[in-house]
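Alright, two takes on the same chain below, each alone as structure tokens: structure 1 and structure 2.
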Structure 1
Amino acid sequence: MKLKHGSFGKTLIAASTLMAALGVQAETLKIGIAGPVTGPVAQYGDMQKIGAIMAIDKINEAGGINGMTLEGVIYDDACDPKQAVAVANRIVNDEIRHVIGHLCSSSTEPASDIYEEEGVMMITAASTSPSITEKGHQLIFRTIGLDSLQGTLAAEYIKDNIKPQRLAVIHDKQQYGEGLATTVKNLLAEAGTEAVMFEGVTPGDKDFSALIAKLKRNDVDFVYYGGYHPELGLILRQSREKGFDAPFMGPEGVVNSDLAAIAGEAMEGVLATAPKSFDQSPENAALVEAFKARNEDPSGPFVFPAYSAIQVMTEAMKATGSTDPYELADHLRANRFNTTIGEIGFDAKGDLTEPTFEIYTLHADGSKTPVSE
């Protein structure tokens, strides 16, 4: 289904970047970088862009890939599914066969169908919706963990390190929170720890005194909370008031400086799963300096996953001596790679084989420290 250029009158090509300076090599390999350049989530698109461009520049400085220099071509989908489809068709027509992107799951999903059909490899560094890799696509990968993996990680940690006798699992009845809470409850039940309480609270509710009395009555000694910080903050604060002091654990949705403001001292020691801060890891120190030298912020969550997406793609090109997406895909599934987000591998669906989340202890001043295992 190749469409003609004319039918995309309104599609924007935002910018094309940096021709490599190494003049000898005539051949360039274009890599599409698709994500929002405009619109309300443009700053996330920027994270992906600076990560990918930095990786491309580093590879070109080191002499390119198989005698070719790389060139990143930026496409703007504005995080709009309709525009994402137009961008995907545009990329196919521009005969680009390797794409980093898209960013928003709602854009990535329709675009990935087009890439798969047209034989273009796509690696997303930001989309976490599970359904993207559940269609059996061959050429679609991601270098970011799924939200649901947080539940697995939390359950393992609780099982191995906390070993609660009287576990309670509380959630806010929303897709994100209840989904994670159910995962944790089920995994722990399989491991032999049945939750003594599993119940929902109403998002926006302010009074948790009845819930806390129930937690006390059930002699709960550990609480996993699936949801966001406003409710957990109040539960923590009111628990402290009422003399209930069992430890709590939550997902990334509670990791927010507002939690400290709401819960105050009661926040000290709360456990949470959150994406690893790759800019803090010592192996990436030189790269962090390189970003800072360009006046770019390396701390965004998608910067290093985007960098790593370029890394694995080019590693595969080097190893196979080819740029054919199908050959690259086979190589990606069969091997492990050393990247800026650690040593990674891909499963048959194209997802990372290990979670990119880590367990942190939260502190009353709003900071967090990784739990040393």
Structure 2
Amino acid sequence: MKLKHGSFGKTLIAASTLMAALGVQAETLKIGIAGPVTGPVAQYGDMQKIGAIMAIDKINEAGGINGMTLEGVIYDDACDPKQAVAVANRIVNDEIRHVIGHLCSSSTEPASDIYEEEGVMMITAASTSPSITEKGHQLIFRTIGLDSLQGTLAAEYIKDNIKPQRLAVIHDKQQYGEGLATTVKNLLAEAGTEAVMFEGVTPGDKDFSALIAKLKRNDVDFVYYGGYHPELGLILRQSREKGFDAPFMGPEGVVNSDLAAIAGEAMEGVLATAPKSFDQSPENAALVEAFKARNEDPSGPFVFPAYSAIQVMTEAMKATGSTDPYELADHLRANRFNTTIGEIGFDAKGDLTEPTFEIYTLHADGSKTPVSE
């Protein structure tokens, strides 16, 4: 079933107006929050969840949206594409028409096809694969930059500052990790630095001795890794144990306090690209304290992008007086918004017009510091 343009949102607004006039409790508008609640990258899903729920709570405290109270409904896709499809269909069947998520690109892409077909707006705060927004979908947006931009930043830094003689590029064989790794490898090759190794590892593997032995045989002096923190943490720890001490670099998928728990001292000095540390922005100081009051960590790379996803979605609802996904999508593309990640706008594909990634040095205590240019 595909909703007619405008019908769902206008029905909700009409119902809310009538109920308000009759003194009945306000309508509740449910927003799906889809991502990994379980599985090896559940901590990233938690970042998205706490950001989105905080934004929903703050909006409700201020009176809601157009007479409606918001409710976040959590769905677990475990960062698995098949589960993501099942979750997307469940969201449609639950008659939810607004989604924050999914998180892993390999889950977001198939889910986005279902949402587009069924008239559901989705804003992902974490999925960076360019192919997600290259299909011409009208209802799919993101509040994070693309792998093509993140990969370019990484490749330029490696070329200009690291200047490796024996480069290895490793990935986890998934859409996000392999896509980033391929981008970095190709850009460096164009600049004259050919990788002596381009290898994939299997998510969930625990023993990386064969990989490390190959890195040592090839005299690798720098490693770029595309993927998530569980595998990188083990690779780092086992590398140091086996006497391989070349520096590593990864994407925002490794910027996680659990990396320190897995790798220990071996993660000290790892480089990573990640969204700007929005928790350090003076404008977000009060919000940071609100997270801390809940014993929540506001420093994760997806916390503030998720908060901002709720912000822009609900600002569009206010401005249009509607919850219709198509009307909201038109408004998002035509306007700019002040959010916790700065002033943002969207291009025709639903991507940010000015996304920002920065390069950080990761530390064994789980913290990170910006790299000085």
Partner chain sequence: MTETSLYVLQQLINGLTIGSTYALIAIGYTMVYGIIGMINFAHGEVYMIGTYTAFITIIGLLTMGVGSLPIVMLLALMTAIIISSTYGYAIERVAYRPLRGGPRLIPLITAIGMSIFLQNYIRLAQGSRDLAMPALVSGGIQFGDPAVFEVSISWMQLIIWVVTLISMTALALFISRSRLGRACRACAQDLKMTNLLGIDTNRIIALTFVIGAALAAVAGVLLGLYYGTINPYIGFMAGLKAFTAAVLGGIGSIPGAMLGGLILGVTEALTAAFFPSEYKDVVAFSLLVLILLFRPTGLLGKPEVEKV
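Rigid core: the largest C-alpha set superposing within 1.5 Å between the two forms. Computed from a predicted structure; not experimentally measured. Numbering runs along the sequence of structure 1, starting at 1.
As for origin, structure 1 is the form predicted in complex with its partner chain and structure 2 is not. Comparing forms between structures 1 and 2, one finds the smaller rigid domain rotated against the larger by 44 degrees. Once the core is aligned between structures 1 and 2, the alpha carbon position of Glu358 differs by 3.9 Å; this is the C-alpha shift at that site.
For Glu252, the displacement of the CA atom between structures 1 and 2, after superposition on the rigid core, amounts to 7.1 Å.
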